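As structure tokens, one chain now follows by itself in the form predicted alone.
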Amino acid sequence: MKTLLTGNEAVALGAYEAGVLVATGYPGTPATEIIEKISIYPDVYTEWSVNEKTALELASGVSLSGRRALVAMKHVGLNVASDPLMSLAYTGVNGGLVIAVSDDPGMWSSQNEQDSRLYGRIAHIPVLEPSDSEEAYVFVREAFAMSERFDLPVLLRLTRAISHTSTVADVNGKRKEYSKKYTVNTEKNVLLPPFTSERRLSLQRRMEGVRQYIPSSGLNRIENNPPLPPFSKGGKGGLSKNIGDDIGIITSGIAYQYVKEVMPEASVLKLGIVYPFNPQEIKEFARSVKELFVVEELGPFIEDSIRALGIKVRNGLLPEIGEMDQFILGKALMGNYTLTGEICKDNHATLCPGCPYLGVFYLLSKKSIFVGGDIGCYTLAVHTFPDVIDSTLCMGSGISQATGYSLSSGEKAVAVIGDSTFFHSGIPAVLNALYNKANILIIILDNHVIAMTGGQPHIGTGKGLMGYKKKQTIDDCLKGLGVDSVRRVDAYNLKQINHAVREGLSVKGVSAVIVDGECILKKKSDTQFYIDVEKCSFCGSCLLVGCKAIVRSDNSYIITEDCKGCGLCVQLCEKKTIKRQYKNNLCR
């Protein structure tokens, strides 16, 4: 049955049909939809775990019991999960265990670029890379089979283009259950010297088995192997006019699609298994062509491995930065290439009109104090208040960076962190700050949801993908950790926020303010505001809150239909000329 699927949907369907019992993960674009899509199948237990490390550890327990498990995350999430990943290669698996990770070349939704294929080399585990949705569907099922056959976790590497592009896939639609018996095996599953020495040797043997399996797997293939006519479009640094009959390209993933568009007749070795390599397979293809190119996205992962085999590869053509496309590849092959692929330059998204974060960042922008930021919607505040956040590094880092700044400067510092990020990785940072007697104010922006990735629930919401869960509260966690000064305030009450922040800054040691306001995209309101232009003095105070629903119009201001009725602007209007009205009785 042929159907149109995104890569993420294809992974979810393939995992379901492969008999996966449990699917875990943490939201992160471009991988989020994998867990969301697989959650619709009643035979699969799904959850948004508190973080990626926990997700992988839980899945490893499922695998240990003899059932199949899938873990999904974005590339930076794999960093969080890397600790258990490295050791899982040693212990191996029982039931199949697949980690689906989606990279973000070009950094369209991420704080960095990262090539997750490198984790295969570091951890010594197989890496599969699909080139379209049908391969994503097929490869995830093959990944489970390989995992059990070779007693290894398997990494399925996607990229943004694969995850979010829809292509036709020929699917089965039928689920098959798989299970294996659990037996106690201390020397295999307990990583304690001297057991680890044998497991390291075992890992080498298992990976050699994967290498020998590659030619018969059907996941790598050669296309257009007969000789080509001479290639005539040469140029400086590009393909030579006198290159001869045979041009060979080794490629994988989305780069394969660009190769087929730019050079449809080229002789291609298309890799589905990008780690490990079967040396004989690579050498035989290289001998069949006169000049060899490697086309891959991000770093020279495949190219470096081929060079290590002593094979000459034409280099220096492709960018190692940014997202590739067929136009960039075409310019590179013609010698008219740039140093970078396409990267995000103009994505100046701002906080939504009525966002519950606007008030606290407006107030912080008026203070001269270090503010350590974190990963979440609130980072967008820098486009409205350019100097309000001093740093943003990774999930949970704001608290630790504020601690370090305070330690060095001797001044009170501020950290802002979201509700989900607090549970994800903020709690250890709070413990560290308390233990080392840091002097910081932690502002937790509680909007009751994982907003930036589309509104997923988390441990503090009391909701899950499969119904209601035990709700954990930020207040109780902070107090349980030992934070004595904890205040919860209304996100839309500027006086209340200002008072709580001033009080928190006056406390010696670790203090916390929880700014409570539901994500405006989830909140319903039947009112909006408008400006009484006849009484307005046009002082501009209402603009200071940074709400994009308030705009200049000639020599006056208006409140657009984007207004969510939050009332922050009313609190700044000195003349009290901003009025409330019901949406069914709009007046401008």
Ligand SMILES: Cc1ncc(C[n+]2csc(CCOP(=O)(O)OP(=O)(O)O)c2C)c(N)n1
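Residue numbers run from 1 along the displayed sequence. None of these values were measured; they are calculated from a predicted model.
The following text describes the form predicted in complex with the named molecule, which does not appear among the structures shown.
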{"query": "All of R160, I254 and G299 within 4.5 Å of the named molecule in the model of the complex, heavy atom check", "finding": "no"}
{"query": "One stretch from 269-277, 74-82, 496-504, 176-184 that, in the model of the complex, holds residues within 4.5 Å of the named molecule by heavy atom", "finding": "74-82"}
{"query": "T453, heavy atom within 4.5 angstroms of the named molecule in the model of the complex", "finding": "yes"}
{"query": "Close approach of G376 to the named molecule in the model of the complex, 4.5 Å, heavy atom", "finding": "yes"}
{"query": "Partner proximity in the model of the complex: V449 to the named molecule, non-hydrogen atom cutoff 4.5 Å", "finding": "yes"}
{"query": "G418, heavy atom within 4.5 angstroms of the named molecule in the model of the complex", "finding": "yes"}
{"query": "Single option in S87, T167, S365, Q111 placed near the named molecule in the model of the complex, where near means a heavy atom within 4.5 Å", "finding": "Q111"}
{"query": "Interface residues of 24-60 toward the named molecule, as seen in the model of the complex [heavy atoms, 4.5 Å]", "finding": "Y26, P27, G28, E52"}
